[in-house]
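Following this are structure 1 and structure 2, which are two forms of one protein chain, each written alone as structure tokens.
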Structure 1
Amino acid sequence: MIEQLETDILILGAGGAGLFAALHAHQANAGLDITVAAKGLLGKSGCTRMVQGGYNVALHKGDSVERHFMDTIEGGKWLPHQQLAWTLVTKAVERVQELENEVGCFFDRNPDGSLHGKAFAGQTFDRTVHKGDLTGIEIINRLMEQVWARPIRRLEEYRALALIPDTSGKAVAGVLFLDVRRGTYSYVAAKAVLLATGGGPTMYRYHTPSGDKSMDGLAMALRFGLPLRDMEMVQFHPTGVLAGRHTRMTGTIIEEGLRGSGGYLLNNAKERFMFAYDKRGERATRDIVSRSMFSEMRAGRTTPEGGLYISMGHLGPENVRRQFKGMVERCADCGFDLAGGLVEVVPTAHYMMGGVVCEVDTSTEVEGLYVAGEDAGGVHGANRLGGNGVANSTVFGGIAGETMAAAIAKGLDRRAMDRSVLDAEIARAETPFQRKGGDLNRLRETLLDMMWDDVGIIREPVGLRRGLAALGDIESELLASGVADDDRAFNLTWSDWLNLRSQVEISKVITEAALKRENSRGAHFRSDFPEPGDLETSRFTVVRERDGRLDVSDAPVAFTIVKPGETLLKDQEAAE
């Protein structure tokens, strides 16, 4: 028996995008039945809560939305969808004011009462507003309070398994879930569905996202036939803690504000090296810093654990403890003294710039299906600026809530589901119970190492093709591996199996897109094609699944606001 529920708006994910969508939909129409489903616990899982650095917004004297926009476009190497990027920088202004004045967030301020903006890499202005180095906790806690105060249904520890189409195949009818607590299936029919599960490239040896992230949202979108763009663009954050393989703390980030405030990156000889790679030194964009660090590591100039060092002591230990309290405590938990000593770090897989192709109003090509946050592609192009992530989630989450409410007001209704697809997706999830037990941990370790070595920071055709072959072998062994424990409730091995299948599916997409792009842009670097190519004829990759196979193509970037070689800045701004 499958539990069946109905709702007006179904939101998959309880991060910044999902919660803002719920609040804005309710604000638009308090009579709507709104349901938020989360793989973990609301307010305690996902990645928005983990945001340390802050929120990019052009609110400070001397800054402008045009300047923020140009930083975003140039940082994204001219691949962003410009209308999405413009919406991001303009709506961020009102969203931060909403966060403070309506949601109840408190961000750090200057002595004159204005919002404090700290320096983040790759930006021409210190515009990142924050709450110390624990900005995400502040935002999520306040958003959760607002959700709890409203009649918004919450489905916790409900794992989305599949988007289910209607009988025409042209619209979404609802979502199939696994109720993790009971080990049973649920189907939720909805007039509108928002995909806001977050990305989370956890298939790399070193990665930052929370443990519940396994690319489920993009895997569901892929199987549903939706186009995914820019999937080769996997961002590596330069400074993940390197505390050894014995702890999950390895890979978790220590924030970009450390470098922005003057922190040094050092090799094993305690020498700064970044200026040998870029004139901006440690304040270059994330892709450049990560690639430079990886080059140092390949050259053997590494720390005892195989990484590099970050040093902050020259800025004054007390000052560091005051400015970066959360980071000092996190590093201390790993045995490092951030304030006065050296911390071992390594580039760590952090964010997916790629995602589902969507419009500015968050709609997709499928009726009733919307996307926001890290599941959406196009905003960041080849590289996301630090501080643009949580801005992206909250800006487009709010837009999604308003768009869905408006669509329902115009007559968008629930549709009859395609029962054959529902049955097939249940059978798919049941696969491991029809097999003998396997070594899932070994398979996962193989995936982590292969993606880091062959589809990581520096790529080449031999490694990418080797990676595709390995992914095929991993998938074949996974499908032949089962779950020994037949008890469905809180079956963590079953969860591991499902996680791995999603990770492998999206790993194949990343690898195919990386083979397609024969130039180097932002986070994607091909050693055989090290040049960025012609900016004026920039194209983005598009991957679809057709009849079980991946179809990889590309499409031209539309320069609807500014073209390469042009700028929106006035002469004085451009010269600063």
Structure 2
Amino acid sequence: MIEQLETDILILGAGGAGLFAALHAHQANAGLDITVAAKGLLGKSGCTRMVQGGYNVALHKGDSVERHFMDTIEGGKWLPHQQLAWTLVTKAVERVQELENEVGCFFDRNPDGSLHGKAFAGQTFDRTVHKGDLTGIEIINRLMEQVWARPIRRLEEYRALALIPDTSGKAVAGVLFLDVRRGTYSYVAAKAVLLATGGGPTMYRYHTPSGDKSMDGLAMALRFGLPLRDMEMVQFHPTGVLAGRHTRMTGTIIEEGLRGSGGYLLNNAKERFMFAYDKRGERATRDIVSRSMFSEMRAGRTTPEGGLYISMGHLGPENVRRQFKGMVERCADCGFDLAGGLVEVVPTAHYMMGGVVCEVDTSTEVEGLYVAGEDAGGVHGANRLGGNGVANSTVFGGIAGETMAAAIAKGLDRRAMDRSVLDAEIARAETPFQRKGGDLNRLRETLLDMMWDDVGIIREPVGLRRGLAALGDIESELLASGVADDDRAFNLTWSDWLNLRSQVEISKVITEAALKRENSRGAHFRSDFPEPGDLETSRFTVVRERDGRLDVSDAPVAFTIVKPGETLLKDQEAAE
């Protein structure tokens, strides 16, 4: 027997999207029974915490939502879903005011006391609101306090395993969980379910997101039959720490500001190489720097650990120590001297632009299922602007809360679940206990390397096909690998197995989508099609699972607000 629970609104994930949804649903109707379930601790898991740079919002004098919108569309290489992007930039204004005035975030100010906006690459205005370089801590701590203060049920260290359909198969009835602490299953039935598990491309050798994220949300959506869009769009951040495979620090970010303020990227000969690729040198945009670094690495000009160096010493070690205190300390913890010496760096997988296809109100094609945050696709298109990630999760998380409350007010009710799917999903999670042997660690290493080499920053068909084949092998090997059944409580090795399963499923989707897109836009680069292609006829990829097979297609981008070549900015504004 598995434990059963009933709730009105079930939220998967306790990052910016999940917590905002809970708050807004509660505000809409305090009588609702709301449950937030997270794989880690409430507010302490996920990436919203990790936000350094800040939150984009057109709140400053001289800025406009139109300008923010155009930056988002152009940054996204004309692939964003324009209505979603418009909602993002317009609602962000209200959301930041809500964060400050109602939730209690205390963002940094200008000397005169007004909200400070800082510069973030790829934007035409200094609009990024922040709290030092630990903006995420401020946002999530304040949200978490507000959720704790309300009668909202918390299921912590509750890992969602599968969305369970109703008997018609068309709506979602509830969610199957693993109660990690006890190692037992439970089923939560809900009128509305929000998927907000935060994407997070952790299947690459080098990656930034928090360790609890493993693409579970997208994998669950895929298995449920939902369409995923833009999945080839995986953003890489140019400067991840490289300190060896054995340390979890590898892959974590070294601040972008280091390059911005004049840091050098060097190859093994300690020579600057960026100017060979772009006339802006180290100050080129994220995608270009990442790609150039990858090319340099492929050419074999790498450091002992296989990466490159960042060097700051020429700016004066004392200066660097003062200006980038946090980063200097973080590097020292890995044994590097950032202020005076060389730090090994490598591009690192950072963010999933792709995700579940959804409407502006966060609804999906499945009744009762909503999606928000990094799990949702379409807002960013081919590239996410720094500062649009947390805006996305808070804006649409809030909208999801309101939408779900409204749907329930209109009569959305709980549905009877399809028991056979539940049983099948439990059997799926039980698989490793029926197997013996296998080497999960080696499998993980194989997956990380394969994705990095073949489905990473520079892609070509041979590599992508090799990748697909490798993924098939990894999957069958995983299905044959076992986990000892001694103690299921807080069993991280079982979690590792489940994580790998989700990662492999979504890696296949990324690879298929990358094969499908025969041009190079934003984060996606095909060496056989290096050009962006015709913008007016831009299409986005869609992958869904049908009868156990991936169905890959594409669809035209609807230019409902602005067409390529046009702008919403008035002439004089645009000229600035």
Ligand SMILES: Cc1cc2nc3c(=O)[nH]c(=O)nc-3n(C[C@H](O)[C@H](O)[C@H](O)COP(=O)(O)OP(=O)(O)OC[C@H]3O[C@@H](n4cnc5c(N)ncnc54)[C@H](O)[C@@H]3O)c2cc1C
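If you superpose the two forms and keep the largest set of C-alpha atoms that fall within 1.5 Å, you have the rigid core. Everything numeric here is computed off the predicted structure, so don't read it as measured data. The first residue in the sequence of structure 1 is number 1, and each one after it adds one.
The form predicted alone is represented by structure 1; structure 2 is the other form. Annotation for residue 279: C-alpha shift of 2 angstroms or more between structures 1 and 2, rigid core superposed.
With the core superposed, residue 329 shows a C-alpha displacement of at least 2 Å between structures 1 and 2. Two rigid parts move between structures 1 and 2, and the turn of the smaller against the larger, rounded to whole degrees, is 14°. Note on residue 244: its Cα is shifted 2.6 Å between structures 1 and 2, core used for superposition.
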